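One chain is shown next in structure tokens, namely the form predicted on its own.
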């Protein structure tokens, strides 16, 4: 079974993370499939919105660290980079629903979504600094816009984890929904978006999202800083400790 399932529900394209045995940790192949799904949705005029969800009661533990380290050491981390670039410039509405943990890129990708619905057990973490790394996916720009500078500083600099209630009060997510109805609730919201007059919807979204060039420029600056940080003894030691712990 594919680790990223791409399916349709009416005019909604659904991207489902389906690697529950590994807490849906993202590999290079999964990033490639996600980018391909977004490309399909972008080019298909019959698709009006995208829903991002996950199997197994967990959204994602973030990057598969072993896969990420191999890709970075081999100079092949471009799959993750291509996905981040794609999602930042994606023009159609995106809805996400989150159960369980969302770590690292599992949070930063949400900043590119328009509507986010989470289960009561959702828990979020941005542990970049703890790993000797830098925030990515434009999060240093988008998170303060979404939740304010004070909260963003605590979340990115202190790397404090937070729960569904805190995410709601911060304005990161739209609603907390019971686990057993979360997917259908989010699917209904995505369908409602897809049913709107398309041109007006896309233009309204574009105005809300703001200058994509600014976001893309921040992503490129973050990528350069992230790559430099990855080579430091701090980051290498932190990643090695993580891999040893996971073994």
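Residue numbers count along the first chain shown, from 1. Quick caveat: nothing in here was measured; it's all calculated off a predicted structure.
Keep in mind that the form predicted in complex with a small molecule is not shown, yet the notes after this line are about it.
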If the cut-off is 4.5 angstroms on heavy atoms, which of these, 87, 116, 147, 101, is the one near the small molecule in the model of the complex?
101
For the interface check, one of 196-204, 57-65, 215-223, 176-184 should have non-hydrogen atoms within 4.5 Å of the small molecule in the model of the complex; which one?
57-65
Give a yes/no on whether residue 12 approaches the small molecule to within 4.5 Å in the model of the complex, heavy atoms considered.
no
Can residue 124 be called a contact residue for the small molecule in the model of the complex at 4.5 Å between heavy atoms?
no
Can you tell me whether residue 25 touches the small molecule? I mean in the model of the complex, with a 4.5 angstroms heavy atom cut-off.
yes
Should residue 170 be classed as touching the small molecule in the model of the complex when contacts are defined as heavy atoms within 4.5 Å?
no
